[in-house]
Structure formats: C-alpha cells, structure tokens
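Here you get one chain, nothing else, as structure tokens; it is the form predicted on its own.
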C-alpha cells in the first residue's frame, strides 16, 4: 500500500474544512496535485499545501492508498468524510465529522475526535484511541437515518446522543458515556463498557444496547425480562435483559412484537 504523509505546518486561525483528505481523492494524484486540493477556512478557499507538508506516494486506487497525518489537527474538520476504501491514520486529535458518512476503509485517530464523528456511517471502521464527542454515529441534524453499517470503536469515553436514529452497525465505547444513548434507534448494537448517565434507549424501537457499568437513571419504559449469560466483545458474564421502550410503537415479525433490548451486566 502506497503511503502519503501529511505534516501540519501551521495552525488555522479558524476551523479548517478539509473533506478532500481521504484516499478516494488522493489516489492517482501527484504530490503537487494533492497540495493544490482545496480546503476552506471560513469563506476563504485555500489549498492543502498551505497547511500541510506533503510527502510520499499515492496508490493507483483508493484501496491502495494510505494517508498518515503526523501531528495535532484538532482544528481540522471532515477527515475521511465519505471515504469508501483505503486507510487514514491520524497521530493526533481531530475536530468534528471525522469519518462522517463513511462507506468503507479504515480511519484510525490516535487521539480524540469531536462531535458528529462517524455520522450516518454505512460501512468501514472508525477507531478512536482517545475520547469521542457528542453525536457519535448519529444522524445528521433533521435526518432520521443514523449509522447503518460499519464499526466504531472508542478506547476512552463518549459524549451525549451516541447512536441517535441508529439503524445498523456497531459502536463500542471503552469508557463512560453521557445522556441519550441509542435514542430513536431502529437497529444496530451499542456496547458501553463503563457507566451511562440517563435516557439510555429512549424511544428505541429495536436494536441492542449493552452496559457493563451502572446506569444512573433507568428509563421507565423498560421492563425486566430475565437474566442471560452472554459473551459481548470478548467479555463473558451474566446480564439482566430489559425490553422497551414501551412508550413506542413496535413492529411485529411472525406475530411476535419486536422490542429494543437493553442488557446490564452484573
């Protein structure tokens, strides 16, 4: 796999919008062509080369191209947005929308990501070796289609509104999360290995949520069903199974009502 390396050479005075930083765009281009790609800072259209030193070689296709960003880009948005193949590694933190609308490939952030990362993903893998902001794997504002496929894995903590309108895929959080997990979910799987605050699974129609720690306030629309022994993300244990949200309309399959399933580990 051919590797292109980006080294930040200046910090943008405003948030930088850099949706061109992905293998789909870099593939088949020379270094000069990559440096000339546009970025936006406010209303100003600038070039990638004004903010990054670019070295290495791109592959003939996105699948053959790996982008490595060495340095903090916590003021740069849209890294890996809509990428379909290849790989991006960020050795630092990013701003909002990292991996948003991602369809394939792999994006690894060795730091933190801000809000709306993994937004409406349909495929691929987003690995965050730090903390994630709000609306991880959620739907875009005003849309009802959240994450539909792929995997998001966060080593640290997550913010609020994780997996809002989630319809498929998987989100694994290694630490704690804030309020509103899986709100309006109609599928998918969320694993929280730490504690959750409140409103877990609110207005959930179907899908699965697993919480290894405590839930500060349990939603009243969930009813305990039974204890089950499970292996979840490599961890075996006994879980209490709750079904809900009983305040919502739920579909039927072969005459059986389908509920969202919330598991709490003992």
Partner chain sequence: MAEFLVKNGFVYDPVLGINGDMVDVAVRNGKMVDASDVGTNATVIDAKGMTVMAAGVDIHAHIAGPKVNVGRNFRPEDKLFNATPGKGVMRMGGGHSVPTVLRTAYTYAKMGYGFALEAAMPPLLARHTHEEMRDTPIIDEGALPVFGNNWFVLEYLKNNEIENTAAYIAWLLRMTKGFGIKNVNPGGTEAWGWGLNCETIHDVVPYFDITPAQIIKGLIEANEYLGLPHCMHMHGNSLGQPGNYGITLETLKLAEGYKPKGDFGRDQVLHNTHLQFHSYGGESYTSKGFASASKEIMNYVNSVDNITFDTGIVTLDETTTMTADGPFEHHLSHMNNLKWVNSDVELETAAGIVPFIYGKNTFIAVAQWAVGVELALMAKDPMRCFITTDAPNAGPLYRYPRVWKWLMSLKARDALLEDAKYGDKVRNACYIGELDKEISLYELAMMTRAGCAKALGLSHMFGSLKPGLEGDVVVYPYNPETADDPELIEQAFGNAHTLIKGGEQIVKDGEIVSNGNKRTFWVNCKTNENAQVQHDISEKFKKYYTVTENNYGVSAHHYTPNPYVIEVDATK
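If you're wondering where the values come from, they're calculated on a predicted model, not measured in any experiment. Residue numbers count along the first chain shown, from 1.
The next section is about a form of this same protein that is not shown, the form predicted together with its partner chain.
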(request) Could you check which residue among 193, 75, 82, 153 gets a heavy atom within 4.5 Å of its partner chain in the predicted bound form? (result) 82
(request) Would you please decide whether residue 252 lies within 4.5 angstroms of its partner chain in the predicted bound form, comparing each non-hydrogen atom pair? (result) no
(message) Can you tell me which of 121-129, 107-115, 171-179, 136-144 lies within 4.5 Å of its partner chain in the predicted bound form, counting heavy atoms only?
(response) 136-144
